[in-house]
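One chain is shown next in C-alpha cells, namely the form predicted alone.
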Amino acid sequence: MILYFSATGNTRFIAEELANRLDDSTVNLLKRIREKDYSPITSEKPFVICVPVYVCEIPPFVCELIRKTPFEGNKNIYFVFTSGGYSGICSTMAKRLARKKDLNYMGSADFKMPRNYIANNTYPELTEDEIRRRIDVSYKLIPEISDLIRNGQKLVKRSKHVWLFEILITVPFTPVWTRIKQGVKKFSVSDKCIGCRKCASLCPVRVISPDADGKPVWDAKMCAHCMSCIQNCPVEAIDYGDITPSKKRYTFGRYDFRKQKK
C-alpha cells in the first residue's frame, strides 16, 4: 500500500507512479492528518510511505500519524522522500519510526523534485527547463525503485547517508527555525480571493479558518509552511510578506506530462 502526503503534487506523482508499477493502491493521508484519524491501516503488500522533506526532516504531522496509527498485515515498510535536493536526516527518522512500530525498515529513496518553498529568498527560482529536467530524472528513477520493492529488496544506496554531525545540527536547529521562520503573521490575502475555501480544505494542520466571505484567516501562531495555500490558490490571491508577490506559483499539475499523453 502506497501512503502519501503531498502539498503541491510532487509526492503524489511519485506515489501514483510507484503504485502503477507495483499494481498497488494509494492512500492520500491528508484527510487522516486533518482529522487526526489514527484508525488501523491494513495491507497485504509492503507499506510505502511517500512524503516531502520539511526543514531537513519528515513533516512532524506525518510522524505523529505514523506513530499513532497501527500498521497491520505486512511487516515491511519503505520510505520515499521528495525534496528540493537535500533530504536531511529523514532516513534516520524513518528507521527509528519503523523500529518503534516493530516494522522491518526496508530503506528509503530520495527523489529530487522541483522546489516549491517560496516563502524565503534563500534559493533562486528554478527555470522552466530545470523544473522539467528534475521531473524527468525522477521519473526515470521510478522503475528501479519499484523493481526493488516488488522483489522485496532493501533500497540500498538510494538515499543519502546521514552523518552524525547532521543529526547534531538538525535536531536542535529545526525547532528554532520553525519558531522563528514559520509564523503566520506575514500571510495575506488580496481582493482577488474568490472565497473558494480551497486553502482551508488543503491545510494539513488546520490553521486556516475562512471568514464570512470565505477568505482565509490564519488563526494560529505557526504553521507547517507546506505552501499548499499559496501554491494551490486558483487566483494567486495569497502571499507571504513581500517575498512571494513576484514569484511564480508551482504545482506539479502544471507540468504533468501524463495529462499531455491523454
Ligand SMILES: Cc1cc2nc3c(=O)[nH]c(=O)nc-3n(C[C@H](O)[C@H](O)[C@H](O)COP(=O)(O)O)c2cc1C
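Counting begins at 1, following the sequence as shown. All values derive from a computational prediction rather than experimental measurement.
The following text describes the form predicted in complex with the named molecule, which does not appear among the structures shown.
*Asks:* Of 146, 188, 182, 76, which residue is found within 4.5 angstroms of the named molecule in the predicted bound form when only non-hydrogen atoms are counted?
*Replies:* None of the other options qualify; the answer is 182.
*Asks:* Exactly one residue in 227, 203, 66, 49 has a non-hydrogen atom within 4.5 Å of the named molecule in the predicted bound form; which is it?
*Replies:* Filtering the options by heavy-atom distance leaves 227.
*Asks:* Please name which of the stretches 137-145, 153-161, 107-115, 67-75 has residues with heavy atoms lying within 4.5 Å of the named molecule in the predicted bound form.
*Replies:* Going through the listed ranges, the match is 107-115.
*Asks:* Is residue 218 close enough to touch the named molecule in the predicted bound form, meaning at least one heavy atom pair within 4.5 Å?
*Replies:* Although the named molecule is absent here, residue 218 would stay clear of it in the predicted bound form, with no heavy atoms inside 4.5 Å.
*Asks:* Taking any heavy atom pair closer than or equal to 4.5 Å as contact, tell me whether residue 83 reaches the named molecule in the predicted bound form.
*Replies:* Result yes; residue 83 sits at the interface with the named molecule in the predicted bound form.
*Asks:* Can you tell me whether residue 3 touches the named molecule? I mean in the predicted bound form, with a 4.5 angstroms heavy atom cut-off.
*Replies:* Residue 3 lies outside the contact set for the named molecule.
*Asks:* Taking the shortest heavy atom distance, is residue 29 within 4.5 Å of the named molecule in the predicted bound form?
*Replies:* Taking the distances in the predicted bound form, the answer for residue 29 is no, it never comes within 4.5 Å of the named molecule.
*Asks:* Counting only heavy atoms, which residues in 53-81 are within 4.5 Å of the named molecule in the predicted bound form?
*Replies:* Residues within 4.5 Å: 53, 54, 55, 56.
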